[in-house]
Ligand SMILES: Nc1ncnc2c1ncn2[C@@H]1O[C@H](COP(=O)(O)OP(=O)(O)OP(=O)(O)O)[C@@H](O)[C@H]1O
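Here we start with a single chain on its own, the form predicted alone, put down as structure tokens.
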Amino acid sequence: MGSKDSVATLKGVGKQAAESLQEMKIETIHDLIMTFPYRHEDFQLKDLADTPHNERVTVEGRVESEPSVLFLGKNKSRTQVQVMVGRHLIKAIFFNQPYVKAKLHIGEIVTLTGKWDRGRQVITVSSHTIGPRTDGVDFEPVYSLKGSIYQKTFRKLMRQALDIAKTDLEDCLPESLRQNYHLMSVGEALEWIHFPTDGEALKQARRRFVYEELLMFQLKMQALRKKNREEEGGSFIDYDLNRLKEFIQALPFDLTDAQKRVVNEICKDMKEPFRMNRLLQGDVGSGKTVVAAIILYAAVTAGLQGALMAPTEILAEQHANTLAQWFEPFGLNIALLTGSVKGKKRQLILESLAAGEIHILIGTHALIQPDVRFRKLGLVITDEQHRFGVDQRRVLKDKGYNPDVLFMTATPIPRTLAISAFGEMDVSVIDEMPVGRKEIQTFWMKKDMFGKIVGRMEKELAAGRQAYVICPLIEESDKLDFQNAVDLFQQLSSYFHGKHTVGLMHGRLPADEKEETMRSFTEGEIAVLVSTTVVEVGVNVPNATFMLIYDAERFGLSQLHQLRGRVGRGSDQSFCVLLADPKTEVGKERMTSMTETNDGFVLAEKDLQLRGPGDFFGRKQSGLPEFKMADLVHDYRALETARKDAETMINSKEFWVSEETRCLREQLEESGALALGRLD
């Protein structure tokens, strides 16, 4: 019997257990041993003097009193007994276990596991043993199970499976890597991950599997990157450098050093024969749009068309207006295509695009409709790319012959997530703000100070400036007691009546109303814009200097930072007030972090720590992997190492022929990463 045999061959696997294992997608013995525990119960005996408050602990002690039982109602009870643990006389409390009274006798030794209340000197017992411990088990694995199978049964099956699999288990990690990083063999690591004898053994077993998992993932990413670059081919964009320099010199401002650096990185890619696949990260207000304009113009000078896709009509319109101003002196034909463009106007755009008369097309997902055809698409830019699905991005890319692709985001993505979610891409970062930008002053205030805040806002309005008021909800909700945009709009309209105009903006408004409201705010006709988060991305009104975010605790750090970035876009001092009464420590920490820094990358790292990678984008992120063992927050060093190793391996000839790496190659092929054949 070996690791490839069915789990049904194990002793104790009856019909019920087999069904449960099937539900967990465990079919072979190998599947079983690679099902890792999600935690380990620690039964090591601890000294209470060293045990922090509220921590789970296992202790051994002597019963010092007769137990007492208090019945609290139907099937509810509280049993209490005094136990001497070392030099500590403590209370042990058992909830809903009245039967333990008959088992606990004065002078008897008991082993107790539970939560330690340091102040009250109480252990709330979750499990216990009468008598001293004899099994010697310090760590017990706990698995995520389905069906009717129990932990105890699963552990017995795991013990059998490990004993069988040891005979034919192949170690996929090359010996050279194991020696270099002092990693356990796969057999050792499996033994200690499932049945560790001590904390160090468990730590080393986990370290081995974390590295292996991250290396395998990065090998897939690097293989995909190599395949994209070398097998798909691409358009060699032979842009006119002199014309490009003229365009840059004609801009109404100087580029920052960071903008110059990323423009050079992108232009270098465009000159290469492979297809560019690059992510451009830049904090709010760092100037990504001008970078996009420069490379779009570069593509046009090479006789190609460009496309810029934005997630909302507001942002698409803003891009179109900005780019039209910059490109007008250079005779470029810019067109805007959104869902609102219909009838003859839309048909005329489509005909001009297919004829090559339109140089740059800007729009929303309307760009990926089947009837949108380019004559010679050479460059595709997707703004706020994580808001589009993978398929939507692919459809736009497929409208040209492997056009160069640039993804832009104003959401600062922590390096660990960038490597994981976008590992097959090259990454450029604008890490410098334009000269003259003043840091936004951010304050966290409680809701009972709303009147004072509105008074401060009125000072800004009296000086001719404008303000945003952001709400999480559109209309009143029975389920959520949060301020809503419609109510706040009515309150502020009444307060500012006869002095300042208040506008309302949210996602349910018809497109023409949204457009008219944004136009009025942009042109200064509306002084205060009450809005939901539809203004989170890209809206640019330099005269807006005050932002109030109501119920700020409802937002993640990255979203708060995006919202704050709608002000501070001009030369005047800007202010952001977070109105919040957070109930949790995490909520309070978020508010404090926002007042301490304006650096989006610092906040992104903090957000990742507080919320975890799965919630970072506020939705399930396409392409973000779910790891069995690795944790992107805590294992970032291993991720960096794995990426470097994977890149070296994929680009070396030896990897594709060596016996030492055969197992890794086979796993790559099974995963589909090498669907188009070997990369040698």
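In case it trips you up, residue 1 is the first one in the sequence shown, and so on. Values in this document were obtained by computation on a predicted structure and should not be read as measured data.
Not pictured, yet referred to below: the form predicted together with this ligand.
Think of it this way: in the model of the complex, this ligand has a heavy atom of just one of T256, S340, N484, T522 within 4.5 Å, and the residue is T256. For the candidate set R437, K146, K376, K101, a heavy atom within 4.5 Å of this ligand in the model of the complex is found for exactly one residue, namely R437. Although the partner is absent here, N540 sits close enough that one of its heavy atoms falls within 4.5 Å of this ligand in the model of the complex.
In the model of the complex, this ligand sits within 4.5 Å of a heavy atom belonging to V290. In the model of the complex, this ligand sits within 4.5 Å of a heavy atom belonging to S286. At least one heavy atom of A410 is located within 4.5 Å of this ligand in the model of the complex.
Partner proximity in the model of the complex, defined as non-hydrogen atoms within 4.5 angstroms of this ligand, places exactly one of 79 to 87, 110 to 118, 508 to 516, 566 to 574 at the interface: 566 to 574.
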